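Just one chain follows, in the form predicted on its own, and it is written as structure tokens.
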Amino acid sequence: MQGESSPFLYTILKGLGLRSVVLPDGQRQVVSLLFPGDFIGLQSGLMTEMGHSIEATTDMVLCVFERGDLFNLFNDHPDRAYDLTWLAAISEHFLGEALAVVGQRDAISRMAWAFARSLQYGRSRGLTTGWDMHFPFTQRDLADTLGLSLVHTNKTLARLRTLGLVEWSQDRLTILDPARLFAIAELPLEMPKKRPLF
């Protein structure tokens, strides 16, 4: 939880979730969706308390590490330490990209980006069948991720459906026209690089 300290660090082995920040007025900003292979708790491991909260949206299986062993890992296993550094750098890059998308793009482009990125991440972790994946998030989660109202999120999703680009129902996300969706998202239609620790 945001503001708490934990003696543990975790790697997600199975399941999906989200990382969010609650503002002083009670509003929530989803910072990122979480997938298998993601490393969580590093912030608490280095800064003694979390600046965000983690929420599981499905059942999760986690690999648990003692926070105190983090520095031993860097001393004794530099290859794994490099993997963790790589994950932290990728996370920083993603947050910069997400901030630019939310701050500078219209709602259609934001949502296309969120769906395209999610499917890329799902594909890199073996969670997809073609252009279809389990996507157990709510429209509220998506709204809080993209900085949109729930009403605007619903209308934007309806527009993407009308354009024949996506279908999202009963926890399934299907990209119907990948080339067009990725073009609107301003992303290359390619697989992301293989992640370590997965």
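The numbering used is simple: start at 1 and walk along the sequence shown. Only a predicted model underlies this, so the values are computations on that prediction, with no experimental measurement involved.
We do not show the form predicted together with the DNA, though everything after this point is about it.
Engineer: Let me know the one among Thr129, Thr57, Gln139, Ser53 whose heavy atoms come within 4.5 Å of the DNA in the predicted complex, would you?
Structural biologist: That would be Gln139.
Engineer: Contact between Glu92 and the DNA in the predicted complex at 4.5 Å, heavy atoms?
Structural biologist: No, Glu92 sits far enough from the DNA in the predicted complex that none of its heavy atoms falls within 4.5 Å.
Engineer: Using heavy atoms and a 4.5 Å limit, would one call Lys155 a contact residue for the DNA in the predicted complex?
Structural biologist: Yes, Lys155 sits close enough to the DNA in the predicted complex that at least one of its heavy atoms falls within 4.5 Å.
Engineer: Although the partner isn't part of this model, could you tell me whether Val151 comes within 4.5 Å of the DNA in the predicted complex, counting any heavy atom of the residue?
Structural biologist: Yes.
Engineer: Any of the heavy atoms of Ala107 lying within 4.5 Å of the DNA in the predicted complex?
Structural biologist: Ala107: contacts the DNA in the predicted complex.
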